[in-house]
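Single chain ahead, written as structure tokens, the form predicted on its own.
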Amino acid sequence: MKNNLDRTIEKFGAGKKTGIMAHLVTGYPTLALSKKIAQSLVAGGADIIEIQVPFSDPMADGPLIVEACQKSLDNGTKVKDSFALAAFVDKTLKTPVVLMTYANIVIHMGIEKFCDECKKHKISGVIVPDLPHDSKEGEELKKQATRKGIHLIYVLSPAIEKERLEKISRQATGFLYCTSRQGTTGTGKRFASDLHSYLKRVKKSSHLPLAVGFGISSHKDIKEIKPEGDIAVIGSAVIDLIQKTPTQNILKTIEKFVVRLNQ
């Protein structure tokens, strides 16, 4: 059965639009603002909201998101707050949610219970970047997520080897998340020099849409990935805006930022 993410991605194909998946950290800068930030992202034109569960050691993330996670945890944000935010986004904003978290949280909760909670809170897909697809836990998460109608989104980097790419492509659903370069997230502007050949290689291995993330913060960046990228992932750029903007202006600034990305 198709979930909210599938139905949204189908619209990209019809309109040949590069979709936007905007990232936020639950509870940053506050829980109350997280809901309003999600509203501003959607009002600006974000098609998918990626909600990050704050974690004390977000190893795949750069300093901006690491700092946002720590501030959120200092605010007392709990895992249940991310689930509640996801349900709000799906129900109130009619926008699909992809939950980004780390293996420690999933395993500590219990893989089956985690997937039950995802389904209960209308989460369409999950990203667990530090959980290998061929580990015992990775295979169990794939099995449980599939049973609940949730996509397990795999993260690929330019250095991925052919055999591993083919294995992941065979079991992937939803979309494939391709990092634009090696390393962690952040506002670094340089994509990998072989970005397009790498994305073409992934395209050949899978019929799924490609989401491209890391270092995307402008309409120009989106145009650059457009030949192969179906979804642009906007992460650290949103956190950077929140950090630099006076609180009273954050919501309008974020909405305008996403509008510009779509122009």
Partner chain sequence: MKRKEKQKNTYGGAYVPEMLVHALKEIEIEFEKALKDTQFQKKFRELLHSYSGRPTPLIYAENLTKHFGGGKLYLKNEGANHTGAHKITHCLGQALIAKRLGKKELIAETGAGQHGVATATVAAKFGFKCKIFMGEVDIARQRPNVFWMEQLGAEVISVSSGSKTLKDAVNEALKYWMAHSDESYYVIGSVLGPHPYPEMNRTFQSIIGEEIREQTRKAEKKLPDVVVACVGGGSNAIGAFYDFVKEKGVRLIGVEAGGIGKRVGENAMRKENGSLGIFQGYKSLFLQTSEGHIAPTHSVAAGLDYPGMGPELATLFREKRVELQSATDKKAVEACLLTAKYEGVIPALESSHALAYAYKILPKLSKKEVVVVNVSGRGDKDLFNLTRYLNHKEFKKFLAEEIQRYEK
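Keep in mind it's a predicted model, so treat the numbers as computed, not measured. Residue numbers count along the first chain shown, from 1.
The discussion below concerns the form predicted in complex with the partner chain, not included here.
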141-149, 83-91, 96-104, 115-123: which one contacts the partner chain in the model of the complex at 4.5 Å, heavy atom to heavy atom? 96-104
Spell it out for me: taking the partner chain in the model of the complex, does every residue among 7, 38 and 221 have a heavy atom no farther than 4.5 Å from it? no
Would you check, heavy atoms only and a 4.5 Å threshold, whether residue 157 touches the partner chain in the model of the complex? yes
The partner chain contact at residue 174 in the model of the complex, heavy atom, 4.5 Å: no
Quick one: is residue 58 in contact with the partner chain in the model of the complex, heavy atoms, 4.5 Å cut-off? yes
Classify residue 193 as contacting or not contacting the partner chain in the model of the complex by the rule of any non-hydrogen atom within 4.5 angstroms, answering yes or no. no
Across 131-166, which residues bring a heavy atom to within 4.5 Å of the partner chain in the model of the complex? 131, 132, 135, 136, 137, 155, 156, 157, 159, 160, 161, 164
